[in-house]
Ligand SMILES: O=c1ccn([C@@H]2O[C@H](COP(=O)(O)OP(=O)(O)O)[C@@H](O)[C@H]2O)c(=O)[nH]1
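First comes one chain, alone, set out as structure tokens in the form predicted alone.
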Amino acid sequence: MHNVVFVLGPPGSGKGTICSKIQENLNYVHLSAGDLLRAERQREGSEYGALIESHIKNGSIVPVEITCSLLENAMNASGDAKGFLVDGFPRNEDNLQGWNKQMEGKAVVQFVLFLSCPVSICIDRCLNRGQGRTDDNEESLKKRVETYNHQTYPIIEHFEKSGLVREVKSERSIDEIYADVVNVFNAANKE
């Protein structure tokens, strides 16, 4: 059984940055659903490339079966990691149902790390991060924030009802955020 921590928050809340620090220091493997999809989109001969591209450009959500397959393959290829940080997934109810169906008996969700941050700060970060992502423009960001508000935030609320959400405010410095994240992981590993 794979141990999984879902890492959720609005676009630009620092999910990738914090996941890199956790991977570096806490022996969890960082799996970004978006990065896996972008890599698959670029892969020579991918049967899903054009479909993924159109979803990314439109700020919409790729079919869950594709995302879950990419995540499962990456977990199985990672050997004996302590656990996996699944960054930016599940993004909606369909993702959650698909995950539950496809990963039942294969993975257990330890908790959800929710990086909360005001949307204005998130948008500013995305527009200025200079990663060359095709979806880091104002039009795509508006769509991504709308998708987050209407589809992803309800998933966070769903996990909150189960007592699985650990919220860390991410508008602060990386060091302050990371210190709180380490406390969350230490507490979770004692449970």
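We number the residues from 1 along the sequence you see. Remember, it's a predicted structure, so these values are computed and weren't measured experimentally.
Missing here is the form predicted together with the named molecule; even so, the following discussion is about that form.
S60 belongs to the set of residues with a heavy atom inside 4.5 Å of the named molecule in the model of the complex.
The named molecule in the model of the complex is approached by G88, whose closest heavy atom lies within 4.5 angstroms of it. Interface residue remark: H55 is counted as part of the site for the named molecule in the model of the complex, having a heavy atom within 4.5 Å. In the model of the complex, the named molecule sits within 4.5 Å of a heavy atom belonging to R144. This chain is displayed alone, yet in the model of the complex one of H150, K161, R43, R129 has a heavy atom within 4.5 Å of the named molecule; that residue is R129. Looking at 1 to 19, the residues that come within 4.5 Å of the named molecule in the model of the complex, counting any heavy atom, are P11, G12, K15.
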